[in-house]
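A single chain, nothing else alongside it, follows as structure tokens in the form predicted on its own.
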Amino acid sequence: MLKFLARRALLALLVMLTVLTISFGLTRLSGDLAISIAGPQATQQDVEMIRKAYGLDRPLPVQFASWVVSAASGDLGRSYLYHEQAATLIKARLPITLTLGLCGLAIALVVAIPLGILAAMREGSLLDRAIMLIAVVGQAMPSFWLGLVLIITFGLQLGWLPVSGNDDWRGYVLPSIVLAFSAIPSLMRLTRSGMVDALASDYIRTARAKGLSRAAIVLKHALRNAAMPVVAISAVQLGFMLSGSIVIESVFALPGVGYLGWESISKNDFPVVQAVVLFLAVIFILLTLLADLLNAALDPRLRAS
């Protein structure tokens, strides 16, 4: 188990370094940062002063190494727009993003697991095909489009829910549904395939021979084994939701980490852009590592792979 953990931790570190390199490179490819910070009305002297003040006059490898060392120590840079540390800005907005992601995951699990069970119990039937059609549609539907449809329907036409902000719990309903809809297809298919395999196994036939009720067979025996990979993959789905919060928070104007990233991109606040990308990548990597550990704990065969 320790060897497995060491391999996964090394892989996570390499992925993190790759993300650091890509995010740093993309901000530099977008143009001269000193000109972007100074603004269109700045003189050449102003640009040169900013370039020197922020260390943009140094060679790119030196800038990258300095940023990596600072990031490793917790210093993610200072915002040009807010004049605060990027880590402070992220910390202040993190509860909104976490609340949104956890609510979306909860909705996805509540919907996907029962539908997956129903599809497995009626394998090959019209109900099974209808549920799989829902999975296909959900996989293909763009999140921002669904968000706009929900805003128009439930916010503007019916007036049931707010279309932006987080003044109360109702502000999380529509964005949580949109996030959940993107995760439901994969969770539903995984539940269905696990239940199909479980219901066809020998121990289920033995349970039937003992005269156990159908509910006991499905919920107590089959679901216990089928749900194991679903629980593990839920950590990865939460990572996808948090990283996808940039689009959802922008559509619903939720002032979370994703919305902070969108604001920073639109206003050329590159230190915050890099910090948000790095933060979301680290969260996703850690959740993926947690999913690997859960899978290894549930299936000992994976530890030897």
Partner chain sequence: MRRFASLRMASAGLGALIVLVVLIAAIFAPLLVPHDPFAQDLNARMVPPVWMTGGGPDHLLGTDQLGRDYLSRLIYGARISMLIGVATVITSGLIGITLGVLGGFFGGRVDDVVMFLITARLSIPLILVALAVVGLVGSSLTVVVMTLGLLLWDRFAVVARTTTMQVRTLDYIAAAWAAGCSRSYILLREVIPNIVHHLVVVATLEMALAILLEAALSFLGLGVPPPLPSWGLMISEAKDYMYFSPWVIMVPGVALFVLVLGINLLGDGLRDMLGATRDA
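Quantities reported herein were computed from a predicted structural model and do not represent experimental measurements. Residue numbers count along the first chain shown, from 1.
Omitted here: the form predicted in complex with its partner chain. The next part is about that form.
J.: Is there a heavy atom of Thr88 no more than 4.5 Å from a heavy atom of its partner chain in the model of the complex?
T.: Because no heavy atom of Thr88 falls inside 4.5 Å of its partner chain in the model of the complex, the answer is no.
J.: Is there a non-hydrogen atom of Gly159 within 4.5 angstroms of a non-hydrogen atom of its partner chain in the model of the complex?
T.: No, Gly159 stays farther than 4.5 Å from its partner chain in the model of the complex.
J.: Taking heavy atoms and a 4.5 Å cut-off, does Ile265 contact its partner chain in the model of the complex?
T.: Looking in the model of the complex, residue contacts with its partner chain include Ile265, since a heavy atom lies within 4.5 Å.
J.: Contact with its partner chain in the model of the complex for Leu26, defined as at least one heavy atom pair within 4.5 Å: yes or no?
T.: Yes, Leu26 is a contact residue.
J.: Which pick from Phe154, Tyr82, Tyr203, Phe144 sits with a heavy atom within 4.5 Å of its partner chain in the model of the complex?
T.: If I apply the 4.5 Å criterion carefully, the residue I get is Phe144.
J.: Its partner chain isn't shown here, but in the model of the complex which of Val163, Ala180, Ala198, Leu187 has a heavy atom within 4.5 Å of it?
T.: None of the others qualify; the residue that does is Val163.
J.: Check for me: heavy atom within 4.5 Å of its partner chain in the model of the complex, for each of Arg93, Thr99 and Leu290, yes or no.
T.: The answer is no; none of Arg93, Thr99 and Leu290 reaches its partner chain.
J.: Where, among 135-143, 222-230, 72-80, 167-175, do residues come within 4.5 Å of its partner chain in the model of the complex by heavy atom distance?
T.: Single hit among the candidates: 135-143.
J.: May I ask you to list the residues of 115-133 that have any heavy atom within 4.5 angstroms of its partner chain in the model of the complex, in sequence order?
T.: Going through 115-133 in order - heavy atoms within 4.5 Å of its partner chain in the model of the complex - the hits are Glu123, Gly124, Ser125, Leu126, Arg129.
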